[in-house]
Structure formats: C-alpha cells, structure tokens
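Let's start with one chain on its own, the form predicted on its own, as structure tokens.
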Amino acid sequence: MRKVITYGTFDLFHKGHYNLLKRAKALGDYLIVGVTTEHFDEARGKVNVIDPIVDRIENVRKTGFADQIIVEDHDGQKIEDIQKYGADIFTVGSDWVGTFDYLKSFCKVVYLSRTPGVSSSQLRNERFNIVSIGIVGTGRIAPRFLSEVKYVSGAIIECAYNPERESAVRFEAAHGIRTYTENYEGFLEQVDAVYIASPHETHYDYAKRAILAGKHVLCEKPLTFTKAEAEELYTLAREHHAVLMEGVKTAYCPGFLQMMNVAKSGIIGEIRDVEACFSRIADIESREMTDRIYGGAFLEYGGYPLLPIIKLLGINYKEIVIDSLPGENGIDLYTKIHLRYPQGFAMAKMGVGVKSEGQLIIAGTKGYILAKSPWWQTRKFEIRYEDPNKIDTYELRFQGDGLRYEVGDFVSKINGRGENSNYKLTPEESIAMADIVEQFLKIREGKVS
C-alpha cells in the first residue's frame, strides 16, 4: 500500500483545498492529512487564520479523501511523521516549490499545480469572503507578493496584468498565473481586488480605473504624484465602498506598530525630534538609477523614513526643506528632507547612490528610542535614558519581508473585520505623503525656488 502525506491550514475551506486533497489521494492508496494548529501557524508566519482547528479538521474529514487526519504543531514534525507512518509520497501545492526538497531524503516529494480559475463565486463563506486578487505589474515585486500571500488566510491570486507582453509571458510561464496583456477592464472583471506593483507613473490611473470598477486597491508607494490626485482616489474609494490602501508595508508590521505605541505612551516624554534613514546602493542598471523622471532615491524609498515622522509628529508641519544630490542623469542619488513642527522637528534621509547608517531615532524629553537598520523591518528597538546603564530592549517577531502583514490587513478590511485598523496608515497620512511627493517633484524640476 502506497501512503501519501500532506499538510495545510485548510482555513476557510474552498474548492482549491478540495481539489488539492483529491489529487493528493490519487497519488496513492492511503492519504494522511496534517492540519496545523493556530499556534504553529502563527509561529511560521501565517496571518489572518479564521476557523478554529476543530472546524478545519471537520472540513477535511467531510471531503472523504483523508484516511487519517493528524495535527501538526511543531517544526521538524514532517520528518517525524513520514518516518512514523511510513509515508512514500509527500505532497503540497506548487506555490511551495523547492521549500520541501529536503524531504526527498525520506520519501518522494510531489508539488501539485494550483487550481486554475477558482472564482470568487466558488469561494463564498457565510462569515468571510475569500478575496480574489489580481496583480498589476509583473516585475521584481510581483514574485515577492506571490510568496507572501500564501501566508495570508482569505486571499487567493487569480490572475495578473501587464501590457508589456514579454514580461507578462515570462511571469505566466514561471508562476502558472494567467496574465493579461490587453483589456485592463476585462482583467478587473476576474477579481475582487488589485495589488498595483507597476511603475510609479501608472499607479494613479490603474488605481482610479479599478476603484471605478468597484474593486478594492492595495497600491505600492507612491500612491500618486500630487495631493489632489490622492484626495480624489480616497474620495472615490469612499463613494464606491472600496478599500484603498497605500503599500508602505512597514506601517502594517506588528513590531513597528508596537514601537509607535511605545513612543506615544509617554515613556520617553514629549517627542521633539525624529530622524529616519533608508539607503541602498542600487544597481546602476536598475530603474531607480536610470529613470530620470520616475527613478531616484526619494520616489523609491521616501515613504519609509517619512512614515515614522508623520505617525509621531503629524501632518501639520510648519516648514519643509528638501535637498538632493543629483546624479549625472538628473536622478536624486541622495535626498534629505527637514520638517519643522510647532513642537519639534524631523529629518528623513534616503539614498540610491549614497550609503548612510539606516537607523531610526525618536528623541524625547525623558529618553530616546533607537531602532537600528533595518528599522523598517522592526525586530528590535531600545529605549535609552539619561542613565547610560538603563536600557529597555524590545525584541519582536517579523516574518518574511513584511508584505504578508499589509495583505492581511487589506483582506480584513475588505471583509469588514479590520474597520478599526485605519490608524496604521490613515488616508490623511497618505495624502500628506503625496503632498510631499508633489513638492519634491516641483523642486527637482526647478518650478519653485
């Protein structure tokens, strides 16, 4: 008898789960299904799990495919189970290709291709709608998005869109995701929501057309190049009952949120200064180094250092000064932004051709917070006081590259479960960032002194 073993969360059980179990059963004579506990899901970075484990086990049982159901609750258990139950084949979905190759030493490993065309109408749930997402843009961010979404319950990637045919064909072949190259509106008809990861200059148009079509929008930064455009999009989103989120992923990460809460708690006194830096030496052939109009340090990375400043000191600054070091082709290799507030001041630094210490310092009247690079992936921060021997250290969990947290928040908002999470990045804060983008572009083009 040939034994097959597979594992999964099986949250919000849907047709894709059913088909995977059916195909896993067909690989052998006896199917063992491992269902993960909530604790283990959390430990391995899964977010937004809705159903309790007893319901998830029951849904697997009701398919009739599982000959035996077990519970997975710790790392290393897959090897233990393969040996314990004498499994001949280990199988999971193709979105995990390569992840479990280490098990080939113990049994055959089979990756099952995803279920194509799982429409949202097939994924309805009385309590929760599984959100069908389309990806706009198939460049370097899209594969990262794919790898992170598999850790989010309640989301499924339906298709992608890119008018550049060569990139679209390459993406479809690599990931098995149907990719449209024409008819954006036809693409929108296939999904509940879109993730916009296309070039900066296309964000506003793609977002507006999606909202007008009644779709929810998660858009990479910058959302727009002007304050008026940002205001327009948020107004349209309200009118069309659509969720609109700007994808400054740090804003949605648990560690960063805790750091902001600690800073606001009064433990360091009144906040008087915020300094934040994000810099990388970019590839000279990359878009941010070659695109004179839409490349450069500020448009690529400005949202990160501006985020803690706006979160802590607000949007009502009294004065702003923007200085840049231009490259030969006109892009900004390094930009500093000084903001003056009634109660203090701040500085944001970003670079693509200049490297600096990427830290965040929040200075208060009783002490300061220090978060070292990469503070935007907040895993650790310290509170330091006048007494140098007194240091409070906070160490936090950060999973993946952070995209899963903003996607989880996006899905929760769509389903009405995250209505109170707007504080993470409010429309007003997003609009304020768009206003600074607009000022930067005017200064760069010499339209203001």
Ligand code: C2G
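If you superpose the two forms and keep the largest set of C-alpha atoms that fall within 1.5 Å, you have the rigid core. Just count from 1 along the sequence shown to find any residue number. All values reported here derive from a predicted model rather than from experimental measurement.
Form predicted together with the ligand: not shown, discussed below.
- Within 4.5 Å of some heavy atom of the ligand in the predicted bound form lies at least one heavy atom of residue 20.
- None of the heavy atoms of residue 380 is located within 4.5 Å of the ligand in the predicted bound form.
- Of the heavy atoms in residue 46, some are within 4.5 Å of the ligand in the predicted bound form.
- Taking non-hydrogen atoms only, residue 92 approaches the ligand to within 4.5 angstroms in the predicted bound form.
- Across the proposed site, 7, 14 and 72 without exception bring a heavy atom within 4.5 Å of the ligand in the predicted bound form.
- The stretch from 34-42, 62-70, 394-402, 407-415 that comes within 4.5 Å of the ligand in the predicted bound form, counting heavy atoms only, is 34-42.
- Residue displacement note: residue 400 has its CA displaced by under 2 Å between this form and the one not shown (rigid core superposed).
- Relative to the superposed rigid core, the position of the CA of residue 229 differs between this form and the one not shown by less than 2 Å.
- Core-superposed comparison between this form and the one not shown: the C-alpha position of residue 103 differs by no less than 2 Å.
- In the predicted bound form, the CA atoms of residue 40 and residue 254 draw together by 3 angstroms or more relative to this form.
- In the predicted bound form, the Cα positions of residue 155 and residue 15 lie at least 3 Å farther from each other than in the form displayed.
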